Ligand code: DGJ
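Quick heads-up: it's one chain on its own, the form predicted alone, in structure tokens.
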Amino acid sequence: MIKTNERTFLLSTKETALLLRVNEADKLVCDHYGRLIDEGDLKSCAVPTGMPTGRTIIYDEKKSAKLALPLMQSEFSTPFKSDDLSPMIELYAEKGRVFDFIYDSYEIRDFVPMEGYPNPHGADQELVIKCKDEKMGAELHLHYVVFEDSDVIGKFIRIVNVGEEDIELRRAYSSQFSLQNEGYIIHGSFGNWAGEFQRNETKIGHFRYEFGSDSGSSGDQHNPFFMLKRPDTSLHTGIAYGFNLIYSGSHRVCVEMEPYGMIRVQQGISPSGFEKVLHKGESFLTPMAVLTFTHHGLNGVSHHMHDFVNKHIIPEQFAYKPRPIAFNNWEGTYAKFTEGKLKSLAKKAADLGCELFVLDDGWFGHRDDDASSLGDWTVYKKKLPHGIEGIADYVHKLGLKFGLWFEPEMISPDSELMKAHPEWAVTDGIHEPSLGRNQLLIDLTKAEVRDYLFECLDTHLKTGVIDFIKWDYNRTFSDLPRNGAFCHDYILGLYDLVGRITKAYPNVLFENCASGGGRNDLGMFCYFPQGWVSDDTDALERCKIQTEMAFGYPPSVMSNHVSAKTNHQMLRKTGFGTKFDIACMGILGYEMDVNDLDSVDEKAIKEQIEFYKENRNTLQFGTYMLLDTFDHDRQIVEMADGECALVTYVNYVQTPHSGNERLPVTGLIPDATYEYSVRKEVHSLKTFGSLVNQQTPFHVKEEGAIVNFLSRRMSLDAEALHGEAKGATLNAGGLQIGRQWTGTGYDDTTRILLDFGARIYIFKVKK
């Protein structure tokens, strides 16, 4: 809801309010962003202006003898007019570089979709505030979009050249937000390939903090999502702000505290290498930034962001629709496969209960490794003599959907496409281009390139045999041509291509991938309903990655796979039970040579898939709560949906002095009676090493043939837990769980978790 009163604007959601005001200097400032306020009390929220001190430059003494630009909680800023903090907008013209925008008018309207960008759907209202610099012939339009049900505000700007001379744009952030310092901490993430979303916290001091990505994509280095929190903010209580950007390219966040304690937060397109000339009558639009506020701690931020993504970002035809359980052949075969091998894997995947078979890299051109054929999207007949239709038909007859891997944005130097169109590869035309994963970037700023790629995709999709596309992107930018905004123009070209193909095939499910999580952002999720979280399928690393990602993104977009026991990235060995307990918190899949499974593991995986299907809605779309973190040597996550709650407990490092533990649960219906249990799991005989000799009538070697033979055919049940209690009792921490193994005894209550082990606890209303 948006209300105006003279020169104030109050934007309200279910639980939050943003109060804007045009001050006496005709500058737009933010007086309040936080909990709801009464519209009759707006004057009391106005941020006072103290008397100027020392070297302070007064902005306009005719309007006010006290107002200085760096001390205002301004909604925008430009340089060279005494505001010496980081500028939001930087413009240059032949006649000068001082641009001074002042308030002109406003409009309240229905949200008008942004041209060229992905657009969230279901917005309530849009406020547009127009500011002008008549002397420089420029206008600044500030847009505010309300998503009332999700407690989210969207912000973006448009810069318009209404003069006669060209204007050069060198910086244009989407949002500027100011607040008074109360010891705030930046909570964000850093990362790299196979190590995305690593937590990073920095207390804001009197410095300028900048982070983001200049790689051409939103990046695994620093995702656009971050938070500000007070020092006393916990998972469940306290003040926190969440920020994100509906954009998939190079981006920048700037957080700066001026000497008197005001914090300025900016987010938007990275200004590195960004130059855009606006001729007379032209304008530039930024992508939308999104903000939220909560007093319910970090989980409160995640609830708002999850709701926003599920309701307003995900394509409407996929919103809240169950995602299929995938089997992907990649870690089972890599690029070395035959049609017969694929058929055997598909048959076993169907027997296990999977619902989707995804053929990954290696099916096109003459691709036997990652050094060839990108751009040549024709079938490799040596591997697939019956083509894509042949393997897809076999898969469909098994009752599975069929998916196919593409990497449209890349070109291999040895490809036929490169021979025909060397000018389509991104190079600066001067230096020998650098390769990444043996490939070059293809130039999506060119319309003819986008048309070619659309035709390649369309050729395969129009056969009607493809239900799912995994869209990969395996290198970052380098060797850019001399183009003032190439990185940004490339992203607009990407949006044009994916917009066209998803519009043409609205019922094909697309999965976003960029060597894992290199481009998991709100922009891509507007087109692709889910994303591959990381190429690292190790259970512990995935647990950390998924948990940090979940502050800004819901489990419904997270594609997670159970892989081989000995992880290919970490060489860490982990049982399938633990791998499932972590991978099931989102969209489940499997990725291994399932023909190598023994009877014990086959049975376990079938039971996992049955459990997932029974609880899929809760695990994909339930309310997410982080209840404990590895800071306390255990991580506990709850997913709750109406009368069902599932709690995943992940151990860190096993200790010899485990004590009693209560299992935290929240959000259960207080007066309902719940039946609780632990998901059935088994222990391999190998877990116990030479201790098996305490139970066998003859001596066996710990790694000997007898133990290996038996462990492939039998196992020991893990601990049992059954009971019932009122929701109020369980919410109060009233469920005690058995002690962990301490080396001195074992019964059916003993939890043998080992290092990085996991369990799922189940709570369902008694019928």
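Because the structure is a prediction, the values reported are computed rather than measured. From 1 onward, residues are counted along the sequence shown.
Beyond what is shown, the protein has a form predicted in complex with the named molecule; the following relates to that form.
Only one of the listed residues (D214, E355, D361, E541) places a non-hydrogen atom within 4.5 angstroms of the named molecule in the predicted complex, and that residue is D361. Only one of K686, R634, K565, R437 comes within 4.5 Å of the named molecule in the predicted complex through a heavy atom, and that residue is R437.
Heavy atoms of no residue among Y247, R252 and T286 are located within 4.5 Å of the named molecule in the predicted complex. Considering the named molecule in the predicted complex, the lone stretch of 272 to 280, 605 to 613, 471 to 479, 428 to 436 in range is 471 to 479 [heavy atom distance within 4.5 Å].
Although the partner is absent here, W405 is a contact residue: one of its heavy atoms lies within 4.5 angstroms of the named molecule in the predicted complex. The named molecule is not drawn, but in the predicted complex it has no heavy atom within 4.5 Å of G242. The closest non-hydrogen atom of Y676 lies beyond 4.5 Å of the named molecule in the predicted complex.
Among residues of the shown chain, C584 is not one whose heavy atoms approach the named molecule to within 4.5 Å in the predicted complex. Contacts between stretch 529 to 545 and the named molecule, counted in the predicted complex as any heavy atom lying within 4.5 Å, involve W532, D535, listed in sequence order.
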